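Shown below, as structure tokens, is a lone chain in the form predicted alone; questions about how it binds or moves come after it.
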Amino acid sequence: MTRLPRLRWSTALLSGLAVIWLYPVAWTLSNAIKSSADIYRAPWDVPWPPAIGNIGAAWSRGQLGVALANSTFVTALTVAGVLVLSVSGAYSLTRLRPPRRALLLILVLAPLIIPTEVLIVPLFSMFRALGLINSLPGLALTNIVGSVSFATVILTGYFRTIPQDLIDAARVDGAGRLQVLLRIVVPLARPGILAVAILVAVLTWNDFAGPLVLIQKPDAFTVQLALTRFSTLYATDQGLTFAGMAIVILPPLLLFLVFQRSFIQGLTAGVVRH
């Protein structure tokens, strides 16, 4: 009898959270087919006929095709770099047991407590000296450095759930450390690795501060910078802005919908102790 009320409360809580999270998405999609006047007049009214032309105008005026390609390139490069470093680091911390492992873990966690704003000026100066301003690989390098710490922490918790007996059996059969990592650990940790990849991809896709500091050439704009093309010093075209936002949020939204089960499994498995 006590389980049914608990299910009702959990369902009500989850439904409330779903409404809170879906509200901005629904608001963005509904305003994407309105003119700026309609948005200011009645944000939740359904206009008829809908301003479908906003989508095409936002695509051309914001040069979103180029921006989407730039963001895709930076995101793919960032995810690949983060996975290589975090998988190697997490495997070393959990299975190779290096000396002073606790100190190494603290060093991995250290970047997470440093405010990003503190690094803006030295980061810009360093990248200008290296000639990496307006460089998409340079922007990806910044994102890799900013994401590898939390990715390593998540994968460290996940790798601890892999039975040591499987690794020992592979070592007895003559497998080297790299073979154990690639043929045993990585396949078993695929849900956790996929969860980290999705997190990093979404954070990189939505990053605005990094491109704002390092990207100045319009041809190298990412999607977040491209949305600023709808604003001038005196006014913002809200209809085109919402239409551009609707286009920009679709890739990460579809990515999460496709891999949501693996994403949730990857995040929750790391907290289970075997």
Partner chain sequence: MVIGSHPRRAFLRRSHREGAIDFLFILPTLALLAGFLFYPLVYGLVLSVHDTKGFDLTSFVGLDHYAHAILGDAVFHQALLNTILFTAAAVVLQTGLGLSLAVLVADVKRGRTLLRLAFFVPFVLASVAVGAVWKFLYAPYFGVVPTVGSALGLSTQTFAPLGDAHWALWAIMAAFLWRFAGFTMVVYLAAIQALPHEYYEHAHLEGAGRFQQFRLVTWPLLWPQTFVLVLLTTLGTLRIFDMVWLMTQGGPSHATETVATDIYSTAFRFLNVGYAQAMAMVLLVVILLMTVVEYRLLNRRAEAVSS
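Since the model is a prediction, treat every value here as computed from it, not as a measurement. Positions refer to the first chain, counted from 1.
Form predicted together with the partner chain: not shown, discussed below.
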**OP:** Select from the listed residues Ala80, Leu194, Val186, Ile114 the one whose heavy atoms reach within 4.5 Å of the partner chain in the predicted bound form.
**Re:** Ile114
Original post:
Of Asn70, Ser30, Gln224, Ser35, which one comes within 4.5 Å of the partner chain in the predicted bound form, counting heavy atoms only?
Top reply: Gln224
**OP:** With heavy atoms only and a cut-off of 4.5 Å, decide whether Ala102 touches the partner chain in the predicted bound form.
**Re:** no
**OP:** Could you confirm whether Ile247 comes within 4.5 Å of the partner chain in the predicted bound form, counting heavy atoms only?
**Re:** no
Original post:
With the partner left out of view, is Ala220 within 4.5 angstroms of the partner chain in the predicted bound form by any non-hydrogen atom?
Top reply: no
Original post:
Is there a heavy atom of Gly89 no more than 4.5 Å from a heavy atom of the partner chain in the predicted bound form?
Top reply: yes
**OP:** Note that the partner chain is not shown here; using its position in the predicted bound form, name the residues of 109-125 with a heavy atom within 4.5 Å of it, in sequence order.
**Re:** Ala110, Pro111, Leu112, Ile113, Ile114, Pro115, Thr116, Glu117, Val118, Leu119, Ile120, Val121, Pro122, Leu123, Phe124, Ser125
